[in-house]
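Take a look at this single chain, the form predicted alone, given in C-alpha cells.
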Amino acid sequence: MQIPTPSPDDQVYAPAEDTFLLRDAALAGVKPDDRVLEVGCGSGAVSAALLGRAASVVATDINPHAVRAARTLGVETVRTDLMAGVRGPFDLVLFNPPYLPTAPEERIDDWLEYALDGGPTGRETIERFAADVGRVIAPFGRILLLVSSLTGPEEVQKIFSGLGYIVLLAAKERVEGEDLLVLRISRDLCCFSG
C-alpha cells in the first residue's frame, strides 16, 4: 500500500477562528506609519489583510509551504525560525504561535507540526519568542500575541512581565470550549532602558 504524500496545502495552517481574531485585532490596532512583522504567518491571511494599511508588512515562517502561500498573497515573506536574522525596528509585531500543549507521543513528523506543537505546556515557542522579540520591536512598539486558555494566559503574562513588558487583553472569543485571547504587549517604559 502506498502512503499518499501530503500536498503543500495540507502542510500550511489554514485560517481558522484564531487567525481571524488576530487579524481583526491587528486591523483595529494598525497605524498607517507602522512597520509590521508577522512571525509564523502560516497562510499569510493576517499579513495580507494589513497590506496597504501600514507603511510596510513583512512576515516569517519556518515552513517553506507557508512562505510560498503567503507570497502568493503578495506578502514579503522570509523563511526563518521565528525572527532569526530579521532586523527591526518594527512598530507592530504579530504572532499566532503554536499554543497547544503537546506530549511527545502526540507529535507528528511534518511541516504542519510547527504551527501546532506548543510543547508540553503550550508555551515553548512563546517563551522563545518572548526572549527575542525585544531585539526587533521599536521602543514604543506593540505586540499582538494570540494565546488560548489551554496555554495558561496568566503564565504567558508572567513571562512577558518578567522581561519588562505590560500585558493587556485586546480581544477574546470563546471557541469550542476554549477561550482565544489576543494579548496586547508593550514595553513597560518606566523600566525600559534601551
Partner chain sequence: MRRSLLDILCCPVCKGDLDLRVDEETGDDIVEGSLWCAACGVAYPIKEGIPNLLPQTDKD
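Numbering follows the first chain given and starts at 1. Only a predicted model underlies this, so the values are computations on that prediction, with no experimental measurement involved.
From this point on, the text means the form predicted in complex with the partner chain, which you will not see here.
Chemist: Examine N96 and determine whether its closest non-hydrogen atom to the partner chain in the predicted bound form is within 4.5 angstroms.
Modeler: Close contact is absent here: in the predicted bound form, N96 is far from the partner chain, nothing within 4.5 Å, heavy atoms only.
Chemist: Answer yes if any heavy atom of I62 is within 4.5 Å of a heavy atom of the partner chain in the predicted bound form; otherwise answer no.
Modeler: Flag for I62 set to yes.
Chemist: Please tell me whether any heavy atom belonging to V78 falls inside 4.5 Å of a heavy atom of the partner chain, as the geometry stands in the predicted bound form.
Modeler: Yes - in the predicted bound form, heavy atoms of V78 and the partner chain come within 4.5 Å of each other.
Chemist: Is R128 close enough to touch the partner chain in the predicted bound form, meaning at least one heavy atom pair within 4.5 Å?
Modeler: Judged by the heavy-atom cut-off of 4.5 Å, R128 is well away from the partner chain in the predicted bound form.
Chemist: At 4.5 Å between heavy atoms, only one of the stretches 66 to 74, 161 to 169, 23 to 31, 146 to 154 reaches the partner chain in the predicted bound form; which one is it?
Modeler: Of the stretches listed, the one contacting the partner is 66 to 74.
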